[in-house]
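Only one chain is shown below, in structure tokens, and it's the form predicted on its own.
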């Protein structure tokens, strides 16, 4: 039990990454009513962009980070043009299958270019960290929590307090009516894809010094972020945050006190329990249907 504070800190850090990627899911659900199953690949690709810019080209870390995020935003627009836009008026299942196929293509493209060997990437700060009571505050872990807190706060303010947030929600609820009212729905959807890709890429860059950079992180992060979205409530911003934190904490405690090999299973155990007890998720609204 003396390890509990340290484990909780680690769990919050890992859960923050899941929350960031889960927010990418939420954005696209709320703006375009689609689920992008390539969100995990966005994290993987962002980390590899950082490896190319910083480790291979030798650019300054701050500049490399900025360029990697910008490249991911551009890639998000290209991804939308190929995987979403041609299918936007068809059955949502067609878009889901398209994003799954695009994700598999991205995984295999990176695997062919870099192979299965993981790449090493240093953290945002070179310092090792410091002690606060019984908790060792690793600098990389701390930077993940701070960046997540800032981005989550900004995203909440944009959605709930700004005109663009209202336009995004209007686009999600009825794209045709929103267009009639003069809302640039196509521009909003493309912007959300860009931001979602940048968000996923940033999450991959932040977690890379802990998990290393490899093709495997796309499935590891993407699947758990999607589970966090369901646990918190499909399309809910608070739900995405708390769902990610819950998974991060539970899997960290489970690995420490129960079994390390089954660490990845704990997220899905929590998912099953939540679906049995509260199918709409922790922050989701119950939807009643007429007989």
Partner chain sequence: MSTAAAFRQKTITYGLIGFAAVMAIAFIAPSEGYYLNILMHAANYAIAVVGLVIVLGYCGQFALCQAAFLGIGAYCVGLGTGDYGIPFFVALFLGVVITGLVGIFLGLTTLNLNGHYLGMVTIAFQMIVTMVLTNWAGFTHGPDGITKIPRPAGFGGGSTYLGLCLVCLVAVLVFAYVLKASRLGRAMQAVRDNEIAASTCGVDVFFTKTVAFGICAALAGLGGGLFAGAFNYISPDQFSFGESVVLLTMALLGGVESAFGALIGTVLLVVLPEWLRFLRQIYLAVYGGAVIAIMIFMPRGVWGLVSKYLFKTAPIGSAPVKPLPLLSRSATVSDEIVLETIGLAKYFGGLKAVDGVDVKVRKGSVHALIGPNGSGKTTMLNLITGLYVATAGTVKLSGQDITALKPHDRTRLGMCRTFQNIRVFRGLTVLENVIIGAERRGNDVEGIDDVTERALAALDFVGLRDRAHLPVGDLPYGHQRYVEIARALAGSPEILLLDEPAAGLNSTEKTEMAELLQRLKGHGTTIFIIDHDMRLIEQVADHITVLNFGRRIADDDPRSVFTHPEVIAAYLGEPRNETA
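Everything numeric here is computed off the predicted structure, so don't read it as measured data. Residue numbers count along the first chain shown, from 1. If you superpose the two forms and keep the largest set of C-alpha atoms that fall within 1.5 Å, you have the rigid core.
Only in words, not in the display: the form predicted together with the partner chain, which the text now covers.
None of 226, 54, 242, 48 but one reaches within 4.5 angstroms of the partner chain in the predicted bound form through a heavy atom, and that residue is 226.
Among 173, 153, 162, 109, the residue placing a heavy atom within 4.5 Å of the partner chain in the predicted bound form is 109. Taking the partner from elsewhere, residue 93 is found to have a heavy atom lying within 4.5 Å of the partner chain in the predicted bound form. In the predicted bound form, the partner chain sits within 4.5 Å of a heavy atom of residue 35.
The partner chain is not shown here, but in the predicted bound form it comes within 4.5 Å of a heavy atom of residue 268. Although the partner is absent here, residue 61 is not a contact residue: none of its heavy atoms lies within 4.5 angstroms of the partner chain in the predicted bound form. Contact with the partner chain in the predicted bound form, judged as any non-hydrogen atom within 4.5 angstroms, is confined among 153-161, 67-75, 192-200, 100-108 to 100-108. Put the two forms on the same core and the Cα of residue 57 is off by less than 2 Å between the shown form and the other one.
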